[in-house]
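First comes one chain, alone, set out as structure tokens in the form predicted on its own.
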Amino acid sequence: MSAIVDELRKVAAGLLKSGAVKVVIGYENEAAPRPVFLENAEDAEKLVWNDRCFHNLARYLNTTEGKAAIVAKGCDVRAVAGLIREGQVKREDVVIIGVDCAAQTESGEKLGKCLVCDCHRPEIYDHLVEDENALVEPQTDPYGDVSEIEAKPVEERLGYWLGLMERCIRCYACRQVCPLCYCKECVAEQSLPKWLPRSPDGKGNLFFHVMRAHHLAGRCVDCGECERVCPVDIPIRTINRKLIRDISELYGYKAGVELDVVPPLTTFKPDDPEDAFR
């Protein structure tokens, strides 16, 4: 057992034994890690940590009752911060067990989000499980995929996305896995008014994904879960990252880094750049 796993289990067991939390949300099953909810200190031995712990456990945080602890990577912590800031979770009701994370892999390949990640150590935590080997630098151009598509002529760009959207089966896995898609009723399923057809089609699918991306503008933490679970391999992160980059350039803001900073698209300042409203 690694020192990281040993420390993780000690922290979780201590929190449960002392009654500081009612449940610890973490990962079990070393070969194929999956979410686990622990309520007894002795069950902390089930916890694992490796490069396949890619699920963003923040998705489950507002589904538990009582005070909860959550095992969280840097991007997960940013999602937790978003839930706290938006009133879905109270800061005093969550204990963040931050874990240093180098890169997650699936089918032997590093996930794209990890190659451009700049938060291998969580910014916000109550307990930190450290791994100095995890603190690696992101690649030089984190938005290379966005720039490549933006370089295409407008018509070619539209054709590119419409072609991809023809593959979408509107399963909504991207929405269901997203920790910040917590609306009880999605506009995609409203009938009065009806915003898009129930059956998947290219233009309707494009509308859904663009609408969802704009709902996440200034909120998306680029955890990459939407793209990872897509059964037809649509590069959903690229859409979200276009807006992440624009929000960063226009407002100097990054989602989930600070708890007390209001996302720019939910507020207004007289000195906001006029380009933002065009």
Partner chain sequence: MDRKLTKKELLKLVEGLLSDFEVWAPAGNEKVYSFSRIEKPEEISLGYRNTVTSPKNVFFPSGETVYRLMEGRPATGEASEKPKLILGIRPCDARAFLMLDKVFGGDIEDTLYTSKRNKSLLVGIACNEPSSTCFCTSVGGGPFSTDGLDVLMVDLGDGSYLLRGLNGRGNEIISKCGSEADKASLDKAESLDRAAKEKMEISFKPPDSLESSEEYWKKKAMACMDCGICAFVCPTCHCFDLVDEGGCKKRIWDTCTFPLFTIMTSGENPREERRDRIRNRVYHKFSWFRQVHGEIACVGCGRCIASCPAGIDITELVNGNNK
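Numbering follows the first chain given and starts at 1. These numbers were taken from a predicted model, which means no experiment stands behind them.
Separately, the form predicted together with its partner chain exists; it is not shown, and the next lines address it.
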{"item": "Contact stretch among 92 to 100, 147 to 155, 117 to 125, 163 to 171 - heavy atom within 4.5 Å of its partner chain in the model of the complex", "value": "163 to 171"}
{"item": "Its partner chain in the model of the complex reached by all of T105, H214 and K242, non-hydrogen atom within 4.5 Å", "value": "no"}
{"item": "Heavy atom within 4.5 Å of its partner chain in the model of the complex - residue from P138, P197, G202, G159", "value": "P197"}
{"item": "Residue among I84, L206, V177, A134 with a heavy atom within 4.5 Å of its partner chain in the model of the complex", "value": "V177"}
{"item": "4.5 Å heavy atom contact, H55 to its partner chain in the model of the complex", "value": "yes"}
{"item": "is_contact(Y251, its partner chain) in the model of the complex, heavy atom dist at most 4.5 Å", "value": "no"}
{"item": "4.5 Å heavy atom contact, K67 to its partner chain in the model of the complex", "value": "no"}
{"item": "Exercise: V232 in contact with its partner chain in the model of the complex, heavy atom 4.5 Å", "value": "yes"}
{"item": "Interface residues of 80 to 107 toward its partner chain, as seen in the model of the complex [heavy atoms, 4.5 Å]", "value": "none"}
